[in-house]
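Take a look at this one chain, the form predicted alone, written out in structure tokens.
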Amino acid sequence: MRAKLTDEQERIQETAEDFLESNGGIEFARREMEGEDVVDEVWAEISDLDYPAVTVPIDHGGLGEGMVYLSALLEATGRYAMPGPLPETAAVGAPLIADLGDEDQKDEYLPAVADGDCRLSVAVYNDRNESLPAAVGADGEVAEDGSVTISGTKTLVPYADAVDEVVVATRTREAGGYDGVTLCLVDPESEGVSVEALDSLDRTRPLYDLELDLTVPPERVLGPAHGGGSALERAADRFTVASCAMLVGAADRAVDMSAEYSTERTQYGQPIGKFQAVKHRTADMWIDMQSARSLTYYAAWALDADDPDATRAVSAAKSYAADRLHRVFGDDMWNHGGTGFTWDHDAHIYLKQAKAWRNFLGTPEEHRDRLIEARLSE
């Protein structure tokens, strides 16, 4: 594997950071937290920069890149907690359509995604206390004509009120694991669908309940009936790596903030960075961030290469990032003293993000169990 980003990948990182810096940095996230709808504004800007097109195949108007390229981009956006369904669209929705869609579906949706005219999200969880794949509820039924009737509640759906289509996973056949799952495209504004906002800890990335009572026609079903599970599992792995990349970017920013503050803030006539309690803690933050970055990019490479180690790499990245980066954000707040706890300081935004993402797509403990299972199955 290549152990360094290409020049093009580094350029897209720098371009993303320059764009966010010149547009107020984390102010997009703060405006989202205060209830202002900024997704349209952000999406218009990033569509001009081709961000939604990253994972769309070249023959459908995209850039045809994989998870390493996307992770480089998401790491840059994570530094400023950029709102919007970019990871849901680029890491999950577009690759699922490319993997499972028929030619008509690919021609209809993928160019629109690449142009920024179609935003995507994903609805998987019926029970927020369950983990995948058990969280995919048996709320669907396939008819002889290939249509799928869905009746139930999907929860923890990101940006359900700001996307054009939601990829809904429904269990249409009683089976274990990812077997028996069917994937459908659902317009959240269509009849038989209602969207309700959840009270989320991370207010930069809103979550929703999706109440479904509708029949999805065959032309909006992705892939074979009962046969979308393996594609969904790959999509969950991509989503997991995407979330890790964003957290790595946020952690990089947290380390920078701590290092800068420790040289500016003085106590007893000297910068607090001279005290070992601060100096050593900041060094440990940097090591944890760099280690999470290495694991994340290895997992992204393994997914792109369809490497046999991909499952273990994804779970290693998630379990490490969820635990250690959570500590990085806590230490950043500690280094800033009382100011780090205030609403005005950015430290609390990153910490809340880390808490919200910690259990999404599997807790660290569950991913460590997955690592053990993968090892024992060899």
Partner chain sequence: MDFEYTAEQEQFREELQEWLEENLPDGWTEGDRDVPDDQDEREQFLRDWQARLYEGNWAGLHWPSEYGGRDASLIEQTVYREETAKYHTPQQINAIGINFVGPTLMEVGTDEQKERYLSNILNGEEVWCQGYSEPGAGSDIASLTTRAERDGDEFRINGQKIWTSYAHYADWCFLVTRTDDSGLKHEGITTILVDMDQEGVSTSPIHQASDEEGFNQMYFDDAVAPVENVVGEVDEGWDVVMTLSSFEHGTTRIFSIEQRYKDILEYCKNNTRNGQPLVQDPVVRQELADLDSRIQAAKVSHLRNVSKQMETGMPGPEGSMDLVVADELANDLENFAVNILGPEAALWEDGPEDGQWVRDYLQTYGSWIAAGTGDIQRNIIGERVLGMPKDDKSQTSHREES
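Just so it is clear, the structure is predicted and the values come from calculations on it, not from any experiment. Positions refer to the first chain, counted from 1.
Just so it is clear, the following notes concern the form predicted in complex with the partner chain, a form of the same protein that is not shown.
- Shown here without its partner, the chain carries 43, 135 and 202, none of which come within 4.5 Å of the partner chain in the predicted bound form through any heavy atom.
- Of the stretches 57 to 65, 25 to 33, 317 to 325, 336 to 344, only 317 to 325 has residues with a heavy atom within 4.5 Å of the partner chain in the predicted bound form.
- Of the heavy atoms in residue 13, none are within 4.5 Å of the partner chain in the predicted bound form.
- In the predicted bound form, the partner chain lies within 4.5 Å of some heavy atom of residue 279.
- At the 4.5 Å threshold, heavy atoms of residue 368 reach the partner chain in the predicted bound form.
- In the predicted bound form, residue 259 approaches the partner chain with a heavy atom inside 4.5 Å.
- This chain lacks the partner; the member of 159, 178, 301, 239 within 4.5 angstroms of the partner chain in the predicted bound form by a non-hydrogen atom is 301.
- Among the residues 194, 230, 149, 263, the one placing a heavy atom within 4.5 Å of the partner chain in the predicted bound form is 263.
- Of all the residues from 277 to 298, those having a non-hydrogen atom no more than 4.5 Å from the partner chain in the predicted bound form are 278, 279, 280, 282, 283, 284, 286, 287, 290, 291, 293, 294, 295, 297, 298.
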